[in-house]
Ligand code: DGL
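Given as structure tokens, the chain that follows is alone and in the form predicted alone.
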Amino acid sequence: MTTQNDPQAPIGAFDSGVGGLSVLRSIRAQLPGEDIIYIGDQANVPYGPRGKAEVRRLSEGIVSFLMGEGAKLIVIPCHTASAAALHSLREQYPGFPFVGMEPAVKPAVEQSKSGVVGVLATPTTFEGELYASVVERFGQGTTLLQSTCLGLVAEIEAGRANGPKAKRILQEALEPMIAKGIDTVVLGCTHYPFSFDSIRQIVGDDVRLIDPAPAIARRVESLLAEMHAKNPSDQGSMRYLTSGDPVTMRARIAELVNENVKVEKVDWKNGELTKR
């Protein structure tokens, strides 16, 4: 049951795995008093190669669960799920506040001096209406070079965000872009900021890396203010759940955000998430 205008109610958030934690870092820094429930759908990671219909179905199941947990606002810190499901979710729950991701093409184009911008994202993101819309609105007159970095999400989920294979994937994606004159790179998947060190090593210090997480955190704060639903607490809580292996997710959280946490297990049954 949702409690939209209750400041004590939690924010809900989900991703196919641990990628959304890169956005949660910014949200927690911006809004330290908020309680947050985060679901990593690791039974189905990665979302990128899955079709839009399947990702939409999974997203709808997770949103239903989060609403049942009383979420006052739901963040989708996953470009793939946002591309596949954000529009339909807003139609399904009119008036409920959702914050989704779109590739940060606008700030990249505004900051680029060479007019050549690299975009790293998943296949479903590139095929989605959100990406087509931002390109149409903001990409005119700019050369946008795209790469799906196939296999990178799996490496990050396995704890090898900056390992040898991840670096090879990124080199294959970025070196042709560098040869064509990029001066800005959009990190269009929330997993990819966890490979920041490798990306920076490949592109050098003169190429801007655009991470949309701080803008998402500001948007969440703005919506909560409009709703009069900001939590006045000084210290919010984090609750982590996974449809995969809690031990694996706990290890990734420790590596990526340096937290030792409890992870709860949820299961898919007949299209619905259930708690164990």
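If you're wondering where the values come from, they're calculated on a predicted model, not measured in any experiment. Numbers follow the displayed sequence, beginning with 1.
Another form, the form predicted together with the named molecule, is not on view; read the next lines as being about it.
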The named molecule contact at A84 in the predicted complex, heavy atom, 4.5 Å: no
Heavy atom of T125 within 4.5 Å of the named molecule in the predicted complex: yes
Contact of M238 with the named molecule in the predicted complex (heavy atom, 4.5 Å): no
V153: touches the named molecule in the predicted complex, heavy atom cutoff 4.5 angstroms: yes
Contact assignment for the named molecule in the predicted complex, among M67, V45, L223, I36, heavy atom within 4.5 Å: V45
Candidate stretches 131-139, 88-96, 168-176, 189-197 - the one whose heavy atoms come within 4.5 Å of the named molecule in the predicted complex: 189-197
Heavy atom contacts to the named molecule in the predicted complex at 4.5 Å, residues of 15-29 in sequence order: D15, S16, G19
